[in-house]
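To begin, one chain is listed below as structure tokens, in the form predicted on its own.
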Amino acid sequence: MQFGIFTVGDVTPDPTTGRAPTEAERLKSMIAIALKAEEVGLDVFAQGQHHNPPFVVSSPTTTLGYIAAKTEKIVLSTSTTLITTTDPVKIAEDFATLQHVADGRVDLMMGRGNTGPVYPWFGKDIRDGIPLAVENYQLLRRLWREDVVDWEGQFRTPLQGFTSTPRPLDGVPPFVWHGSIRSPQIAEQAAYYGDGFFHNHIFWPPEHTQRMVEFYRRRFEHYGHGSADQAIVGLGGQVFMRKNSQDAVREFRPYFDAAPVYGGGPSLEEFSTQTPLTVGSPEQVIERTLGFRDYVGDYQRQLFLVDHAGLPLKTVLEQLDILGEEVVPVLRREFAALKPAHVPDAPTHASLVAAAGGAKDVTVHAPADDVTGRTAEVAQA
């Protein structure tokens, strides 16, 4: 099972000091957090995509590419890649490039996002959200799997004889998760292709998450990709820990009360009861997280949100130390002991290459260079 963290890259004032980080400070703190995640033995670092304040994550592959150069093992992913408003050609190119830079340590999560105004900013209509997600992903899959693509759809200009470059590393596209909080159409899309399904699992009660995951599992089996319990499932979650649970609650409360997504709603205690938010000791986080399996079954990826709402970098790094030293080792052991042998692990580049029969060089050489007029053979001589 994979364990990691995801970030939405918000620039939020620390309610205990009133100071907000600059955009430069926030970006560099995200990088520090990713490096720390690898240092403490986590498997995945994922970042979101937003194109509006108060976020700094408008160019995920730029940040992830830098992190790739500074790390060796951690898988680099997204907690949302906006398949609705980002050109599929650009996604194909950017993430294939990142694959090469990171030696395959890349996957991504498709999503529609939660910011309505982003649609007209990129020339789209929010009412087309689901059809955009469906059509754009169809094109993205072809761009990664076919050397030359002819395409005509409803939402973008046609393509004629188009080759997306670079080609996927070793001839294998990045594994794709489809993230959704409430849209069964996206769970259906993930099941249809045999891709992974990731549920945010932060703002909603367990019963809702259970319904969405069960629906995805049923449809995964329906489309012939394996039994329902072999479907590839990921969950989000949010934690804040201190050795003593009372200290954790006392320290986190001002951040919860002032957070844009929480403040003014249910109390911290109510929210912690009604959703998977866990504020307490490492032992409480372990117990709560192990309980997720009771309503979603065996799953492959658990990502935690630990760095939002204005929490200072020092505090976030302390949270990562606790995760890496006290929480994740126990979760690995306990989840592994419970998982049946026929339930697969999360796909990785290495496992996908092996399933494809080995690595292939799929570089496409043009018959003649449009700039120099030289043939590929002459250029290589």
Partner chain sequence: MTTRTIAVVSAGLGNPSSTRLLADRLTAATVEALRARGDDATVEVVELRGHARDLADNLTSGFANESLQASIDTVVGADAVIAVTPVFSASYSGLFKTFFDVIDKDALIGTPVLLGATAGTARHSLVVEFAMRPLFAYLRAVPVPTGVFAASEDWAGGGSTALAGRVDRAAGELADVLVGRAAGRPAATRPADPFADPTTSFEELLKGR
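All values reported here derive from a predicted model rather than from experimental measurement. Numbering follows the first chain given and starts at 1.
Just so it is clear, the following notes concern the form predicted together with its partner chain, a form of the same protein that is not shown.
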P254, G265, G291, P120 - the one with a heavy atom within 4.5 Å of its partner chain in the predicted complex:
G265
Contact residue in the predicted complex, chosen from K90, K243, R218, H100 - any heavy atom within 4.5 Å of its partner chain
R218
Taking its partner chain as it sits in the predicted complex, is Y223 near enough to touch it, meaning that at least one heavy atom pair lies within 4.5 angstroms?
yes
Wondering, does Q154 line up within 4.5 Å of its partner chain in the predicted complex on heavy atoms?
yes
Given that the partner is absent here, does E270 sit within 4.5 Å of its partner chain in the predicted complex, heavy atoms only?
yes
M212: heavy atom within 4.5 Å of its partner chain in the predicted complex?
yes
Among 203-211, 73-81, 156-164, 169-177, which stretch sits within 4.5 Å of its partner chain in the predicted complex, heavy atoms only?
203-211
Judged by heavy atom distances of 4.5 Å or less, which residues of 159-196 approach its partner chain in the predicted complex?
P184, Q185, E188, Q189, Y192, Y193
